[in-house]
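What follows is one chain in structure tokens, specifically the form predicted alone.
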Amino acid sequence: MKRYFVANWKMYLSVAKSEQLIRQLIRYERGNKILRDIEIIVAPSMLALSSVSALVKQSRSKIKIAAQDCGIADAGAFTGGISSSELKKMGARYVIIGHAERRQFFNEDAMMLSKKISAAHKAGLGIIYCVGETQDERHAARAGEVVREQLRVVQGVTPALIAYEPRWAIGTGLAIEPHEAEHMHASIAREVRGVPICYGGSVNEKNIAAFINLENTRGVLVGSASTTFVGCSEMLGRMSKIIQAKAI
């Protein structure tokens, strides 16, 4: 069973540092056959996407590239917009849509996300669709309701991955309890059958094993902890050990 390691570098790394890190990951991947059951997906900043993608292609690495966002249309009068078809030509295989930071800081609502999903799907990009509740919504016992509502946006389009990321856990160091994540993942699995589910929200080398061991979890979406080679290699190593142990 394939597992997924999605490294979302956000806006942490410069172009030069992004290129340095992808070179390190390419070398690490070559030297570790145990990674064959893990699909490594790297989402560099838009400024670094082209050069990072070129390095992956030149090395014939199996690492996949994801864009952190896309536009609502493929072309037209959209200042600052990002064309999904151009992203694919640049080497992106996936695009992250609905990330909590896009919802929070850029006020992306269901209508906008639906247009992005449509544009990405039309261009042939695999969609990594993010869902998750705020702290207030969880305290009000509305987490399940909120996530189900967010999942309605992808009706008619099958995402490549669903990433559950409690919005209050992102970048705070306060990851959700694994059993709570499992409960939500099981609920998502009933809503969107057959789509691999990843956990995101303050994942690091200390807690990754607890999430990877969950029954309905096929991977992780990692933010700041994935912006160093040490962090990536330690997390990938722990994932590999779990996969090997389950195979015995």
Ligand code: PGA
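Start at 1 and count along the sequence shown; that's the residue number. What you see is a predicted model, and the numbers here were worked out from it, not measured in a lab.
The same protein has a further form, the form predicted together with the ligand, not shown here; the description that follows concerns it.
S.K.: Counting only non-hydrogen atoms and a 4.5 Å threshold, tell me whether Gly98, Glu108 and Gln150 all contact the ligand in the predicted complex.
M.R.: No, none of the three is in contact.
S.K.: Looking at Leu161, Leu87, Ile117, Ile170 here, can you tell me which has any non-hydrogen atom within 4.5 angstroms of the ligand in the predicted complex?
M.R.: Contact residue from the list: Ile170.
S.K.: Select, from the options 190-198, 58-66, 215-223, 36-44, the stretch whose residues sit within 4.5 angstroms of the ligand in the predicted complex by heavy atom distance.
M.R.: Selected stretch: 215-223.
S.K.: Is Asn207 close enough to the ligand in the predicted complex to count, meaning some heavy atom within 4.5 Å?
M.R.: Output for Asn207 is no: heavy atoms all beyond 4.5 Å of the ligand.
S.K.: Taking the shortest heavy atom distance, is Glu165 within 4.5 Å of the ligand in the predicted complex?
M.R.: Answer yes; at least one heavy atom of Glu165 falls within 4.5 Å of the ligand in the predicted complex.
S.K.: Decide whether Leu49 counts as a contact residue for the ligand in the predicted complex under a heavy atom distance cut-off of 4.5 Å.
M.R.: Looking in the predicted complex, residue contacts with the ligand do not include Leu49, since no heavy atom lies within 4.5 Å.
S.K.: So, in the predicted complex, is Ala181 in contact with the ligand at a 4.5 angstroms heavy atom limit?
M.R.: Judged by the heavy-atom cut-off of 4.5 Å, Ala181 is well away from the ligand in the predicted complex.
S.K.: Within 185-209, which residues come within 4.5 Å of the ligand in the predicted complex, counting heavy atoms only?
M.R.: Read in sequence order, the residues that approach the ligand (within 4.5 Å, in the predicted complex) are Gly201, Ser202, Val203.
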